[in-house]
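We begin with a single chain expressed as structure tokens, specifically the form predicted on its own.
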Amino acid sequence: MHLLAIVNNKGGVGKTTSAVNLGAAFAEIGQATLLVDLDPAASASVHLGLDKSRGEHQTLCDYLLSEKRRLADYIYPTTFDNLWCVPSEPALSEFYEEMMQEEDMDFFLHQKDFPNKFDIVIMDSPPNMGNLAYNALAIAQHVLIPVQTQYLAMTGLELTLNTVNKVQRHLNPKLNILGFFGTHYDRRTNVAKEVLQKLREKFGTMVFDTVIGINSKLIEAYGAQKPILSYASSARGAREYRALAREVLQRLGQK
């Protein structure tokens, strides 16, 4: 089982879009994939049709309140074959902080909590480096860092890397940065090209070859509550996430 955390301190860089569509791309090629939504915004959950305001399903908040804390009871299949989700809801951050104080605990998710049937677990983190992001990094084996191809993205990236480094030193020495990938790439602008070039100059082969471009179908897929691979399978966005998934699996040592 591979545990991947998708993190970046900056919001709007494509963490959730990447978590959902990478998950679908892994699932499509036979990897039993679980997406854990650790973002209180619950965007990944909504994207996969698990909107708490419209359904009776339980979320990580219910998991926190449970005496048994058996994560398997909070895993739901999605409409995409081979892809499951542990959903979130807006109250998650508040619940988590209260439980940490009451139970004097550091984290509420651990590697042993995930059922062995999954090949890949993807954790979508919130757009800040708070306790929920720390929990993801503390139990992950690998980190994927999406970087928006705009000038300010490189500045915000430093805080993300400092946090990862701190976790490596104090909580999870085996944590590995699997790689960086560009998002919101506008092929028509020099800015996007320059930022991508700077990213590759700074991090070399740690930057994936695949770049996720701007694609209206990705936005439409969110509205349809489906991964782009099922909403518009032949769209550029779907092809790019398939390509990125293949690169990730190669780095994980899988064919």
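Quick caveat, the model's predicted, so the values are computed rather than measured. Position 1 is the first residue in the sequence shown; the rest follow in order.
Keep in mind that the form predicted together with a small molecule is not shown, yet the notes after this line are about it.
- Though the partner is left out of this view, Ala27 does not reach within 4.5 Å of the small molecule in the predicted complex, counting heavy atoms only.
- Residue contact check for Pro127: one or more of its heavy atoms lie within 4.5 Å of the small molecule in the predicted complex.
- Contact annotation for Thr210: none of its heavy atoms lies within 4.5 Å of the small molecule in the predicted complex.
- When contacts are judged by a 4.5 Å heavy atom cut-off, Asn215 counts as touching the small molecule in the predicted complex.
- Interface residue among Ile219, Val191, Met206, Leu65, judged by heavy atoms within 4.5 Å of the small molecule in the predicted complex: Ile219.
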